[in-house]
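The form predicted alone is given below as one chain in structure tokens.
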């Protein structure tokens, strides 16, 4: 028996769950579990109507526990916590059970097995909820200052945005000058604005704001503390050792905008190394430095061949870049339009695997075709071959899939390898900030749609091309998103943290240091308690990962919300026989 009053709601998810799980059978199986007073199914538990029904049930049935069996907590954990709060229920007495990603989607070929698994999962959630206690968020006062790492277009725009919201900004740049790669570019797609002029204007905006402090030749070398109150050290003066200075400061949040590197082809890759074979970045530099017709080594450029997907969507090799770099199709097409505008008689050939001028950038593709550009599609298993001819010109041989694999030989003055973006070497910054990397080695956000600039490190945000290939407009948009996130934390003056963290029983602890070694966040420290050394958890730093708890030989560490007792009760519930 239980004196708890728990409501259980099982979601059909429009068929995503109920097509593979008998949700009504799940409801019947759990309706008589100890403490359960409400057990219902719903087509969409996240819908406004069902949320309102939950609120009504909590109030009328005086529920003191809530279980929702639906999708991943990544999507709707906070949705249902808010439901609980609206009904006056402590949000930490709510448990979300994932019966979509962890059950229906993974067992589409086993209806009975998936249903049985769902019953066990929901029982586990009920068992945990029976032992929940009301918890309160941890409140931390915040410092109204932001550190922005990287003074490219995203970092500079973020600094201006933060300053205009009344926050102090420390803007640091590893290079001697600001602006990043955009500072070297002329006209850029999609807006046609001049990159050099954009950076110059942003630089002037920064100079006009007294609450922005800019450091060049500067790097972040140390960080401690937690969201709202980080202690940082910045090394100014580069790595030479001469004239170096260490600056310490306190900031409330950190925005990382370190940008990207261009892919550098290896010698011989699509003819790279032969005179006249350029990367897209090198060709763009040639374009931006030339008025009128294009010349190279005193010779007019009349024929240009573009080879796409160089360094992107690789299928083999050491650490291949398997991702699509997104921006390079658009950038190459824009460059070809820019080139033909300088010389209307220019012949241009685009050799592509797949054209990905997404969204409104399809207009650029059409514009390039209307201006005479020819597009040929090749098979990635039979890529174009670039050779040097006796007369000094280049010869590109390709089989065009659009003309039934006809062999086409194209003489060219210049071959442009359309290279994509690759992640920058941020090894030391990763060590300092503990930021996770994705499979593509760019910085990883929590969720690309729901939390696109947040990281697993609370108070540290990412924006621009350091988190994946982006054009300048997309980089600025993500920078402003990071500004919004930072300001929403710091303008309040305080931040509330999750209370689901580790706790140490000082009566049981016999300091051995195992927990300190296991903690990846440095959240556990040694303190004195009644004349002896014990462990203490820094509530502001602990992430509640639970890595320390099983290593404690004395069993002195527990995790709030996931105590040993709760975990054991969940295991017992999983193992309970299904009738």
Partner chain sequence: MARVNPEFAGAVKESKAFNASACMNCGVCSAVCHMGIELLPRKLFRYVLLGIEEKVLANVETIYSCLLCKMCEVNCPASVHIAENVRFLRHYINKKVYQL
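Not measured: the values here are computed from a predicted model. Numbering follows the first chain given and starts at 1.
Same protein, other form: the form predicted together with the partner chain, not shown, and the subject of what follows.
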Contact assignment for the partner chain in the model of the complex, among 323, 375, 92, 189, heavy atom within 4.5 Å: 375
One residue of 204, 300, 370, 496 in contact with the partner chain, assessed in the model of the complex (non-hydrogen atom, 4.5 angstroms): 370
Contact test, all of 389, 395 and 408, partner the partner chain in the model of the complex, heavy atom 4.5 Å: yes
Partner contact for residue 400 in the model of the complex: the partner chain, 4.5 angstroms, heavy atom: yes
The partner chain contact in the model of the complex: residue 347, any heavy atom under 4.5 Å: yes
Listed range touching the partner chain, judged in the model of the complex by heavy atoms within 4.5 Å, from 283 to 291, 472 to 480, 353 to 361, 375 to 383: 375 to 383
